[in-house]
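Take a look at this single chain, the form predicted on its own, given in structure tokens.
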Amino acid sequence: MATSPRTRIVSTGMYVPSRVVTNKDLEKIMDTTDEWIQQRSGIKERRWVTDTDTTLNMGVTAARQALDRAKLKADDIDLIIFGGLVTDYVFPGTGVLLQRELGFSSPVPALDIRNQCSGFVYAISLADAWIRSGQYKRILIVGSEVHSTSLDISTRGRDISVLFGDGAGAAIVEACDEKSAHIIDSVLHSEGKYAEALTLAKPSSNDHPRLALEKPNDLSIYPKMDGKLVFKNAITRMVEVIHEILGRNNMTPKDLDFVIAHQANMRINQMVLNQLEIPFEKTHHTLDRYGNTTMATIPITFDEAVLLGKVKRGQTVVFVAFGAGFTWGANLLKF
């Protein structure tokens, strides 16, 4: 009896803008300090877009890098999953723009998702399900995020604006047999009662008119966050979901070779690892250099960890993320 295919990660790619914005740079435009930002988040600098960077072209660059590393061309891809918070157009989604720019010779489906910081974990789970079903054999996942153009870059908005960076990450997954390295399991959750704790409310289709130019001081055009609530829930839920996915597979934290966590706050990740009794050397961070790039943080961080030799083929790895919505989840894989 034939077994259903499994899913393995073939390659990754990433892109960050060339513009480096340090904490010292932010000291010049808002009431903050390098020490305050580092103590609060672990961030030293972040990348913000230049005049030539867009959600689309950052995603294209990351995707092409992943294709080149796998020695694949666009037509080898059966499906695109694209994620981003604030994308090139209100509609259509950027997935179809990516399909156009990569030069496919025939139509392939493109799906856009909006699961914020947990978007990559959701996308891996979805791609794995499609591949296991036999419907698709090779899928391109791209997360591309431009935050800097939506931030309140002033003392008023400093609590959020110091945290976020711009960038893109990509991964290619494909069908394999069960004996190969593969995605073992995924767990996903959401809790919408906290949706307003981390949100960008405007402009919205609920507004009449959508752009209320007569309200120049409407602060709902900027993201807002209940930092303490998000911090507390992030630690709790990330620890819970790692225990859940390991328990479902008769494993414990000691069985993990490496953890790739969403890069939102260094203190969150340290506390998660401490509660799981996982040594800090079993993880990699990009937060200090790139800030929080939302859906792109996990593929960017994983890409670096692989290139640095921290993550090797055959190792057991978990991806874990928590973000707005609230949404959270984990992927367990044998890389």
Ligand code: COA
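The first residue of the sequence shown is number 1, and the count goes up from there. The shown structure was predicted, so the numbers you read here are calculated from the model rather than taken from an experiment.
The same protein also has a form predicted together with this ligand, omitted here; what follows describes it.
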| property | result |
| --- | --- |
| Options 274-282, 36-44, 50-58, 66-74; stretch whose heavy atom lies within 4.5 Å of this ligand in the model of the complex | 36-44 |
| Complete contact of 227, 267 and 322 with this ligand in the model of the complex (any heavy atom, 4.5 Å) | yes |
| Heavy atom within 4.5 Å of this ligand in the model of the complex - residue from 235, 175, 111, 163 | 163 |
| Option touching this ligand, based on a heavy atom within 4.5 Å in the model of the complex, out of 185, 218, 159, 207 | 159 |
| Heavy atom of residue 194 within 4.5 Å of this ligand in the model of the complex | no |
| Distance check, residue 117 to this ligand in the model of the complex, heavy atom within 4.5 Å | yes |
| is_contact(residue 301, this ligand) in the model of the complex, heavy atom dist at most 4.5 Å | no |
| Partner contact for residue 245 in the model of the complex: this ligand, 4.5 angstroms, heavy atom | no |
